[in-house]
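In structure tokens, the next block holds one chain alone, the form predicted alone.
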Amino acid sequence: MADNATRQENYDHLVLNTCVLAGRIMIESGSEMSRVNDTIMRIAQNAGLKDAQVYATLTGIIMSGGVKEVGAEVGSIDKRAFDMEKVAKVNELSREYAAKKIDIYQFRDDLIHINDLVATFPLWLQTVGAGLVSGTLVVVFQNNLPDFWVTFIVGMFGWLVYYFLNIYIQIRFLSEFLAAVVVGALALIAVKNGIGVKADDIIIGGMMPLVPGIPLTNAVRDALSGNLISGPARGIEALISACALGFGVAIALHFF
């Protein structure tokens, strides 16, 4: 009897740990809170923890199994990025667990090794994508076809600066600021040397891959779903990021 109780307790602890791990991956990858809470609760209920409760914010997750012997599990969230592939993969694993295609042990192991399960785009493809977004939007919104290629190149350089600063410096909002400085400086230099036509259009296009669209969208979704902590927090985060971009362009306009 004691052995059965111990095994059940260990199993419940494993379920809590798996739920918190899944939620942490989703928040770190840019998921909205309503999806995080729904996924965690579905995992817990499918595992037999019918009375489980979860409290998730941008900086941490607290989860109780609803059973006195199980206690609670706490997970901290120290970084946030945007990887919708990971969010989709966690949801896919959750559905497979609900359908009994995998057990809780395989589920947790897949979450631990999720970086190996989710393919990431190579840097060259991300850079080309940033250039295409920049150049295309200049043509679509500003009707400025002559500056397509200049904006394409400026957008690529801005993204490279942002990418490598995020890896090697890891200071919040500094990468956006310096990337915006580079975009603004290159746009002004290109126009002064007769390569570009309109510096404003080139700057607008080059900034597009850096604009915090996902945080702003998730902030609105969290606020509308009633999450009045994560919603405003995401909104402030997006606002600071936008301010960093604006300050970076202002510095470039002043010195170049």
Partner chain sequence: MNLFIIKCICVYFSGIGFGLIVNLPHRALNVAGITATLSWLVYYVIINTWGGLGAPNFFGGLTIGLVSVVVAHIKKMPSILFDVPGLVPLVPGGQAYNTIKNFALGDYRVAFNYLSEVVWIAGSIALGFIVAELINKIRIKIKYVSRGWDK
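Positions refer to the first chain, counted from 1. Note that the coordinates shown come from a computational prediction; the quantities given were computed from them, not determined experimentally.
Beyond what is shown, the protein has a form predicted in complex with its partner chain; the following relates to that form.
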Have a look at 138 to 146, 101 to 109, 72 to 80, 166 to 174 and name the one stretch with heavy atoms inside 4.5 Å of its partner chain in the predicted complex.
138 to 146
Heavy atom to heavy atom, is Glu96 within 4.5 Å of its partner chain in the predicted complex?
no
May I ask you to check whether Asp116 falls inside a 4.5 Å heavy atom distance of its partner chain in the predicted complex?
no
Within a 4.5 Å heavy atom cut-off, is Asn46 in contact with its partner chain in the predicted complex?
no
Although the partner isn't part of this model, could you tell me whether Gly246 comes within 4.5 Å of its partner chain in the predicted complex, counting any heavy atom of the residue?
yes
May I ask you to choose, among Ile229, Ile214, Met41, Ile195, the residue with a heavy atom within 4.5 Å of its partner chain in the predicted complex?
Ile214
Even though the chain is shown alone, can you say which residues of 169 to 185 have a heavy atom within 4.5 Å of its partner chain in the predicted complex?
none
